[in-house]
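Next up is one chain by itself, shown in structure tokens, the form predicted alone.
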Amino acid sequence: MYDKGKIITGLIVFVGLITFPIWYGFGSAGHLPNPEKPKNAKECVEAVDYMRTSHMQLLNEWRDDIVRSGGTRAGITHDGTEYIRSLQKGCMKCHTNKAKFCDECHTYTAVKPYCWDCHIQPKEAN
């Protein structure tokens, strides 16, 4: 076989170039989200794990109850603390920076929630 060395070298370079994206990022998970925690509150309306996984279901339940069923804006946490069931007057009261809290995870997960289609975005996001 002629040019055996050139063929093997070419195959090694080819495999290296094709697999470059895999081994270049090996061992790196990339930028992980680190949402800013509220400075003036220590507890949310539900447990942190629940809020991480199910906050959109909770917000949808609030919306459906308040807007469509005429429910009350007042809510009570499991430990008896009253809160306002409102994205802007409730959630954003503690999570004051949308860019550092909401957008941090939504950008990471490539999720584009439609919350701000109806609600007014906080000023720092403009």
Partner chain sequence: MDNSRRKFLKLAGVSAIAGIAAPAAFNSLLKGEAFASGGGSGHGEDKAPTGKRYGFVVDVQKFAADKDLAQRCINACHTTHNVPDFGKDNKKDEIKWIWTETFGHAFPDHSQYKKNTQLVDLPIMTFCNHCDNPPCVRACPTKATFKNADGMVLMDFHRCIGCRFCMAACPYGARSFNWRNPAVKNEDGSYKYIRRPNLDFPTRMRGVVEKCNMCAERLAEGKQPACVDACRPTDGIIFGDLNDPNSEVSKVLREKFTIQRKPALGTKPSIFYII
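Numbering follows the first chain given and starts at 1. Remember, it's a predicted structure, so these values are computed and weren't measured experimentally.
The protein also exists as the form predicted in complex with the partner chain; that form is not presented, and the subsequent description refers to it.
The stretch among 32-40, 75-83, 45-53, 88-96 whose residues place heavy atoms within 4.5 Å of the partner chain in the predicted complex is 88-96. For the chain shown alone, L17 is not a contact residue for the partner chain in the predicted complex, no non-hydrogen atom being within 4.5 angstroms. When the partner chain is considered in the predicted complex, H119 lines it closely, a heavy atom lying within 4.5 Å. Remark: K100 does not count among the residues lining the partner chain in the predicted complex, judged by a heavy atom distance of 4.5 Å or less.
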